[in-house]
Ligand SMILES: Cc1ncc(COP(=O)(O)O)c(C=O)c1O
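Single chain ahead, written as structure tokens, the form predicted alone.
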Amino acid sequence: MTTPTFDFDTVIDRRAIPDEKWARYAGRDVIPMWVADMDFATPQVILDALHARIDQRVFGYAGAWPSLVEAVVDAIARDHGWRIAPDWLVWLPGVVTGFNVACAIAGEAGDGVLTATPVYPPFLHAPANTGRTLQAVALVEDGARWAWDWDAVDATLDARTRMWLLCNPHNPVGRVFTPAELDTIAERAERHDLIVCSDDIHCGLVLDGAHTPIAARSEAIARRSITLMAPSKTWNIAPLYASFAIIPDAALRKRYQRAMRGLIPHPNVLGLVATEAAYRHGEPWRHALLDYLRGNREHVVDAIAALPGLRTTRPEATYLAWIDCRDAGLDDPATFFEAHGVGLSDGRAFGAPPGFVRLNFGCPRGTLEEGLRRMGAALTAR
């Protein structure tokens, strides 16, 4: 049997497409390496499934159908060792929608939602969107990785805290939290009677080790957990808008569905088609992607280590690198590097202090190498 090969090196010209990533720098010689959107073509098995559905010519309203549910259930068991029941699934148009709904059922107005910074920016806004209060705890750099400051967590949790909003794998620091870390979170959640809402959208992009959903750790934590997943980041289909929550506890699931009613639209039917194709047929492409991303990661880690005043940790998951530029004397590194032809995400949007940027290495290696070369040239020319 022939092993399929996949092309991640060909550069696709996205400048003529009105999308967010490349349109930001239209007419400028800036390489976009900011928003978490890969520059790779969507896998052919997904494109084929979409073409087949489009060729039917009539779309029709559609919820999740049996073979789609079966594909999701089987994929979660295959990839994460977690056998879920089909009726635990609640379908959503997006993971951001999912954790905003979760905040809406976390206690009452004014109650607290705890999360760890730096973090994906919508985490910082979701509590206020639903009348809750953000309780932020800073992760700490512990040698070669970012870790929890449990003393700070305990000092922040109080009588008004109602939810732990978790990002695992973590965006932007790239951590895959260990079973021991997850059990520590679970213990705090049970002690303080918290819901745990875990955004696991990058769970298909683990570069080292394995991802464990916190709800898979025990029946006790499963009963208070909302786990959010989607194929969107892994197979580069985010704009098709299909994701799901996994809520094992029936009472919690009903509360969640009640909060959605009349406010949250159904997923896009083409997104559902793409979801089934991804989980059922997309594994060979995903494994090839992970190998390619591991190579890109090593390029980033080595290049940053050689640049004066910059440092990073090796991400265990995602295609994102979190870079500390403070030793280079760059209080606003995003603006500095943009002026030298590289568009990065400003770390301040993630709740970090000045001096950090996030770099997206989900791109052809030639593009990555040119971006890193420009960053080096910019620092050398200062």
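Keep in mind it's a predicted model, so treat the numbers as computed, not measured. From 1 onward, residues are counted along the sequence shown.
Separately, the form predicted together with the ligand exists; it is not shown, and the next lines address it.
Contact check for residue 171: a non-hydrogen atom falls within 4.5 Å of the ligand in the predicted complex. At a distance threshold of 4.5 angstroms between non-hydrogen atoms, residue 161 is out of contact with the ligand in the predicted complex. Contact check for residue 118: no non-hydrogen atom falls within 4.5 Å of the ligand in the predicted complex. Remark: residue 94 counts among the residues lining the ligand in the predicted complex, judged by a heavy atom distance of 4.5 Å or less. In plain terms, the part of the chain that comes close to the ligand in the predicted complex, with a heavy atom within 4.5 Å, is 198 to 206 out of 83 to 91, 296 to 304, 198 to 206, 261 to 269. Taking a 4.5 Å heavy atom cutoff to the ligand in the predicted complex, the contact residue among 50, 349, 36, 64 is 36. This chain is displayed alone, yet in the predicted complex one of 102, 167, 182, 277 has a heavy atom within 4.5 Å of the ligand; that residue is 167.
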